[in-house]
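Shown here is one chain on its own, the form predicted on its own, set out as structure tokens.
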């Protein structure tokens, strides 16, 4: 079993890194962090022109049909650059939900628009603080009209369409939840931007008041569809986290090599060596698990559920470790606004929650291992 990327995929990685280095410098990320724009429109346009939005979308739906390995390569570079664009919401969540559960008509309607960057997508699931379960979802649909409040919705204030989880059954079990596609610019939808720890990624409180709702997948199958979407997205987010971990490690290494104390580079001190070694090990462990997840995703292997949860857990821990220790290696300067360390720390916090918290993914991994071992 070979988990290595091919020469073509490595070339794509180099091209992606070069493009993002020229279009998404720390200065450009800070432009979004400090400004009022919810995302970087020029970068979004450039990414669409590069064809990245349609990398894994089949050619019959307007995509490039390259596959998931290529999308993983792109995701790692986006994470490395802390890209301030709604890429993950549109590609990992909205497009994947349509690919998994959409009718042929829905795929023909939405996926070409995603590929060309004509629309921004989102997933509206959470309804406040705490873990999301079928019982916590109060948003409901009656007579084709959606009513409820979702908070927070990543990119909810800029999305053109969103996949929304809503209650359609009487009980509190998974069978009571269905999915719907909602036009976010239509009547009955109000989006209000909310502040988060990472202003480079937009979040919103979205209220639905009798909004039109288009069914996505069979009634009562919403939770099962979300499980599949999350398994795929977990692998892709893991690559973003690995990219971020690697960037934070390199920032710490470069600073430690160039910063002198008592006539020596601080990188020569044992305490700094230990930190850098721990960051390296965490990143490589996450990378290995993410490669395994990429293989399972690209081959639709039965191990995908376990591989995805493993990648998610290790990548979340690695990005948190590296972004935190990068600040420590920088000493007092790492806490200042002027240094870029906090860009990765903020992004690591947001990515650690976007698909559910780390404890929930650890529980998910344990339950899936138990199910496999009991079979």
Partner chain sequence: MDFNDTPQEADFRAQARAWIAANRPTDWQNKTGRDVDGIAMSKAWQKKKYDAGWACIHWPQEYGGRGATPIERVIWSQEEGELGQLGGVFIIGQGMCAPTIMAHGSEAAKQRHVPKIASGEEIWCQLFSEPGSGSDLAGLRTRAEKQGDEWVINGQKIWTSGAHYADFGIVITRTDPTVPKHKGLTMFYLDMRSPGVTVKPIKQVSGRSDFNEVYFADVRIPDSQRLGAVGDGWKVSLTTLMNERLAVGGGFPTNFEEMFELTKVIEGEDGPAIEDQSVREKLADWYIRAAGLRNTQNRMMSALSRGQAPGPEASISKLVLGINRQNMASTMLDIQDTYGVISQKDLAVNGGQFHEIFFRAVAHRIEGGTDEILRNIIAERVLGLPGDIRVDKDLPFNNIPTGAN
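Numbering follows the first chain given and starts at 1. On a predicted model such as this, the values are computed, not experimentally measured, just so you know.
Keep in mind that the form predicted together with the partner chain is not shown, yet the notes after this line are about it.
This chain is displayed alone, yet in the predicted bound form one of 136, 268, 190, 103 has a heavy atom within 4.5 Å of the partner chain; that residue is 268. Proximity to the partner chain in the predicted bound form, defined as a heavy atom within 4.5 Å, singles out one entry of 177, 97, 249, 125, which is 249. Remark: residue 56 does not count among the residues lining the partner chain in the predicted bound form, judged by a heavy atom distance of 4.5 Å or less. Residue contact with the partner chain in the predicted bound form: residue 28 places no heavy atom within 4.5 Å of it. In the predicted bound form, the partner chain stays beyond 4.5 Å of every heavy atom belonging to residue 108. The closest heavy atom approach of residue 365 to the partner chain in the predicted bound form falls within 4.5 Å. For a residue to qualify, one of its non-hydrogen atoms must sit within 4.5 Å of the partner chain in the predicted bound form; all three of 273, 289 and 373 qualify. The stretch from 204-212, 257-265, 128-136, 177-185 that comes within 4.5 Å of the partner chain in the predicted bound form, counting heavy atoms only, is 257-265. Shown without its partner, the chain has no residue in segment 15-39 with a non-hydrogen atom within 4.5 angstroms of the partner chain in the predicted bound form.
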